[in-house]
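Presented as structure tokens, the chain that follows is alone, the form predicted alone.
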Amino acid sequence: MSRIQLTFARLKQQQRKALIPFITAGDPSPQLTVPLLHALVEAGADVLELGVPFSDPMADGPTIQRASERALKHGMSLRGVLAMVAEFRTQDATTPVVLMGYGNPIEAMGWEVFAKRCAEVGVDGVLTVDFPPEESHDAFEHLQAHGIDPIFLLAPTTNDARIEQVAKLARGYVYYVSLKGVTGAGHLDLDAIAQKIPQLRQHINLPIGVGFGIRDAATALAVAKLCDGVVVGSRIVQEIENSTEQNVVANVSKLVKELRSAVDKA
């Protein structure tokens, strides 16, 4: 059983929901990424989503776009991100780490090399935003061969046929994009989420995490009542952007503790 499976099984037994924070590797600096990952865990994160910075992050709003720009200015690369996971694993052997990004850097490295390296450093899952299920069979065969969970996005516009496709390929959990738009958008429709999740569960046996547009504790609580995990990205990245390097770890920890407390009320 994978680290992701074990985590969700433990949470289900405890009747708790997963908190899944996202940060961009290399933001605000490469030296602070691993300390931030540890701080997220200490503050109550169950699964970590680590963004691989990319020059054209099409699914991301301005906040995460700027995070990618800052990270790339620091010279961050996919190899650098993998090295960060390896460093994180020297102190934490249990918290699942999911890499979230785009296909271009992985294609440049080669999927077979990438999957092998992921297994070596302790990556548990990979979510590639611009690889739909129709185009991902060969790529994700390499991931599954090395025990890495391919994780897919589903959207409010996803029909039953596409949900069934994802259900066949996905492992770990499924990430439901809660709105029609980019990360950080502010028009979350809780009623629409409540209507969509039962449709997804008709086809998907995996845990369902919901993200995009979750910006505060109240929204995190409301969403947690509807699904298995709450993904928070832009709000955390915004906290990083608005902090200094001296107080960023403390500020992010405080925010994530507030989110953890809210999610636990679900």
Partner chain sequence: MTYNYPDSTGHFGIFGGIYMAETLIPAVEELSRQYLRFRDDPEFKTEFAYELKHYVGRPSPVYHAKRLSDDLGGAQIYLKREDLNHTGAHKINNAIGQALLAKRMGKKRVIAETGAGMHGVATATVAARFGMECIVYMGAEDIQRQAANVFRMKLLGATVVPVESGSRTLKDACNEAIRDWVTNVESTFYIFGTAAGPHPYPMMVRDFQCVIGNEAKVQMPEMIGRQPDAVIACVGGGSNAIGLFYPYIEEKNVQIIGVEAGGHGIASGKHAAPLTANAKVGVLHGNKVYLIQDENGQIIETHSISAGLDYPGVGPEHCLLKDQGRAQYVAINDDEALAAFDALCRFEGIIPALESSHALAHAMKIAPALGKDKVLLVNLSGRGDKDMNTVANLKGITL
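All values reported here derive from a predicted model rather than from experimental measurement. Numbering follows the first chain given and starts at 1.
Another form, the form predicted in complex with the partner chain, is not on view; read the next lines as being about it.
When you look in the predicted bound form, the only residue of Arg89, His74, Arg162, His146 with a non-hydrogen atom within 4.5 Å of the partner chain is Arg162. Here is the short version: of Leu154, Leu188, Cys118, Ala170, the single residue with a heavy atom within 4.5 Å of the partner chain in the predicted bound form is Leu154.
With a 4.5 Å cutoff on heavy atoms, Glu49 does not count as touching the partner chain in the predicted bound form; it lies far away. The partner chain in the predicted bound form comes within 4.5 Å of a heavy atom belonging to Thr158.
Taking the partner from the other structure, the partner chain in the predicted bound form has a heavy atom within 4.5 Å of a heavy atom of Ala108. Although the partner is absent here, Met58 sits close enough that one of its heavy atoms falls within 4.5 Å of the partner chain in the predicted bound form. Picking from 219 to 227, 234 to 242, 35 to 43, 61 to 69 the stretch near the partner chain in the predicted bound form, with a 4.5 Å limit on heavy atoms, gives 61 to 69.
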